[in-house]
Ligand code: MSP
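Next up: just one chain, as structure tokens, the form predicted alone.
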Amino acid sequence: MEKFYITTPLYYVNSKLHIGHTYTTVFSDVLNRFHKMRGVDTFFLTGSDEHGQKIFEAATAAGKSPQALADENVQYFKELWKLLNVDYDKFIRTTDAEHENRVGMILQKLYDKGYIYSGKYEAYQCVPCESFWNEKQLEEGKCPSCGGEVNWVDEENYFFSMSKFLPVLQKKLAEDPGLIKPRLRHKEIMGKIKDSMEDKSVSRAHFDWGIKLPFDPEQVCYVWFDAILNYITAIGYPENMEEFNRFWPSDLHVIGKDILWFHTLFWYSILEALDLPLPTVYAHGFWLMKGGKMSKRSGMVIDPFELADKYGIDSLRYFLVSGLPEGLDTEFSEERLVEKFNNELVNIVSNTLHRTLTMLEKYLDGKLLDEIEYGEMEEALKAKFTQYHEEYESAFKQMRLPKAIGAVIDYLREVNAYINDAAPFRTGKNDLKRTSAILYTVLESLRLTAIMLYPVIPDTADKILNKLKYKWDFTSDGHLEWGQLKTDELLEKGEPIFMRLKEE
């Protein structure tokens, strides 16, 4: 059976999440739902990153233990994902006993293979990013990732022999540029690879909030090394290889572009050391605020709970997934959210459905005739559906979600043009067979587009399908074949599924 394993970063529990984190997770959920809808064996992993100095300091500042702070924010994370209809299969915490035990096994394995050794560590540390840099990597003496202050660190600890994997990663990434998507991110990594593959410290000696090294319990595992292993520990590595082999390698790992190095060269080196296949990594751009990038550190954030409350869950999901171009940065705007919702979900999706059900009620008392006779116009629209469906499938498989959604909306524009040309409001009760054929064609188009939109706006898709009295099991394939809408159901127009939004 075909499988699809998708993962997100683990989000730090030092504070609440913003719309950037929300985008990453919703984007992943949409892709997972698309594959599940096609009958694929899917596994969607997300979770929380709970160790490290950043968490320790945030907890201390809040007068709490690190575990108490983690527990509090993990509950918040889970409430957010539940609200936004994020249907993950597993939420992993780096404080889970199972994860900690498996990380210990992996550390011991790498130590026994000679890939971890002791030495003196000297580097510039950015505590908020949990990152370490050499002098060449600093930008004007500051962290190249967040632009914040760095501190000099000098201590005895343990190193991972990352430099040994430079030749093999250069070769693999050159031969398979599709490992890192989109293409501009692959080029970015290839431009850095020679200067970014020195051996990396994988332990810390000056605090104890982390996983103790099995070969030196006086030190704890570096938080990035610990967290980056969750994608394999979550599915059984290293002791449950049957489950692990069912899903590994992950088919897609979705991240923001700011953590690309850690989630490619660093992660890939560890996987090479473990003799494991490499996953595909997709690095998206940022939602920006006026004034710059959203970040917890700067306090420039947009609260997803507030947006969902103001505009609705599906309107937020729809805007996030359709509004950020592939790999690029875009300014977040509530005005754009409202405009896109009204122009596409209200004017095109909701109004087409309500308008058609109104005509069905007016001319056919809410029930289609048993036999549908297609003419040239109907056959032409069916052919256009095939064209747009192929565009939709292709775009989804390339992670080009705005293009996939655009194909659905463009098809519905064709449907509206068909309504105007076929003119059921003229045939009306004078030619019931023709009126029924037109309205069936439109309603069947709406059924198909609801299913295509299901990964993005599942609640809305279900509302449309319920109005059409169409029952389906979304995990089985075949629902996107023409002609499955039944004619023996009484359909009622009810209230429109959407009303126009106003920016508050």
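Residues carry their position along the shown sequence, with the first being 1. Please read all numbers here as calculations on a predicted model, not as lab measurements.
There is another form of this protein, the form predicted in complex with the ligand, and it is not shown here; the text below is about that form.
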Between the ligand and 106, 110 and 158, in the predicted bound form, does every residue show a non-hydrogen atom at 4.5 Å or closer?
no
Which of these stretches, 309-317, 343-351, 192-200, 227-235, has heavy atoms within 4.5 Å of the ligand in the predicted bound form?
227-235
Identify, from the list 286, 266, 121, 411, the residue with a heavy atom within 4.5 Å of the ligand in the predicted bound form.
286
Checked 361, 149, 71, 258 for heavy atoms within 4.5 Å of the ligand in the predicted bound form; positive is 258
Even though the partner isn't displayed, in the predicted bound form is residue 49 close enough to the ligand, meaning a heavy atom within 4.5 Å?
yes
Consider residue 10 of the chain shown here, and say whether it contacts the ligand in the predicted bound form, taking contact as heavy atoms within 4.5 Å.
yes
